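Next up: just one chain, as C-alpha cells, the form predicted on its own.
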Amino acid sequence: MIHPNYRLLVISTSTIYGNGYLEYIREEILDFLQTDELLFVPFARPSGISYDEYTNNVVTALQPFGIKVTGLHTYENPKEAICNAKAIFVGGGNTFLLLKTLYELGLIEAIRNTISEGVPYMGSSAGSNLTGLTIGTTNDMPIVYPPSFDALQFLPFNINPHYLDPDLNSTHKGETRETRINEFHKFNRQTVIGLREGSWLRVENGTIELKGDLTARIFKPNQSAIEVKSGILEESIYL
C-alpha cells in the first residue's frame, strides 16, 4: 500500500515543552534528510506570521548543521522549485490555509510526483495532516475553504497530530479528541492515527515506523481504539 520510493517524516509537532523549534527531533531530521538543501513550505503561517519570519525559524534551527533552507515563497516558479527540490519540509499552522494555498498554486500534483521519485518529505502538524488521505481530522478551524479536503495521500489513513488524552481532573465538558474522531467515523471509513506530541512516523522502503517514547492511538470505524507502541506498524494496524 505504501509506495516503495516514499521517504516521509510525519511529525506530530515541531516543538515540545522545554525545547526550541525542532530541537527535540533534530538528530532524527539530520539522519532522515541526508542532504544539504531543504525547500521549506511556509504557507500554513502559524499565528499569521509572515512567510519570511516562518522560514527564518527553520533556517535558525537547521543552518548551523550544514543545511541550506530556502522558502518556497521566494521562487518565481514554485512548481519548478518543487520539481528540483532535494528535500521538502511542509511546516505546521492552519491546515485549511495550507491546503488551499497549495491547490491555488497548482502544487499538489507537483509535490506528489516529486516525492514519488524518492525526494524526502518532512511534515510537522499541518504538514503531517497533508500526508494522509484527507484533512478531515485536523484540529484547526476552517478559516478558509480549500477546493477539496483531499490531501497528498501518501498514506492510506488520516493523521490527527497533537493527539490529546482526556484530562480526568478537568471540569471541562466539551468533546474530547476521541469523541471528535468517532464523529468523523460516522461518515468516513479510513483509519485515523492519533500522534501524541513528541511522536512521529518514519516511512521508508514501503514500511511505517512509529518513533518516539509514546504510544499512538489507532481509530477505526465501529471498533474500540487501540494503543500501539513504537516500532514497525503492520498493515493490519492501519488498513
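Here the structure is a predicted model, which is why all the values come from computation and not from measurement. The first residue of the shown sequence is 1; numbering continues from there.
Another form exists, predicted together with a further copy of the same chain; not displayed. Remarks below refer to it.
The partner is not drawn, yet in the predicted complex one stretch among 82-90, 116-124, 69-77, 158-166 has residues with heavy atoms inside 4.5 Å of a further copy of the same chain: 158-166.
Although the partner is absent here, residue 174 sits close enough that one of its heavy atoms falls within 4.5 Å of a further copy of the same chain in the predicted complex.
In the predicted complex, a further copy of the same chain sits beyond 4.5 Å of every heavy atom of residue 36. Taking the partner from elsewhere, residue 28 is found to have every heavy atom lying beyond 4.5 Å of a further copy of the same chain in the predicted complex. In the predicted complex, a further copy of the same chain lies within 4.5 Å of some heavy atom of residue 179.
In the predicted complex, 179, 180, 181, 183, 184, 186, 187, 188, 197 are the residues of 178-201 with at least one heavy atom within 4.5 Å of a further copy of the same chain, listed from first to last.
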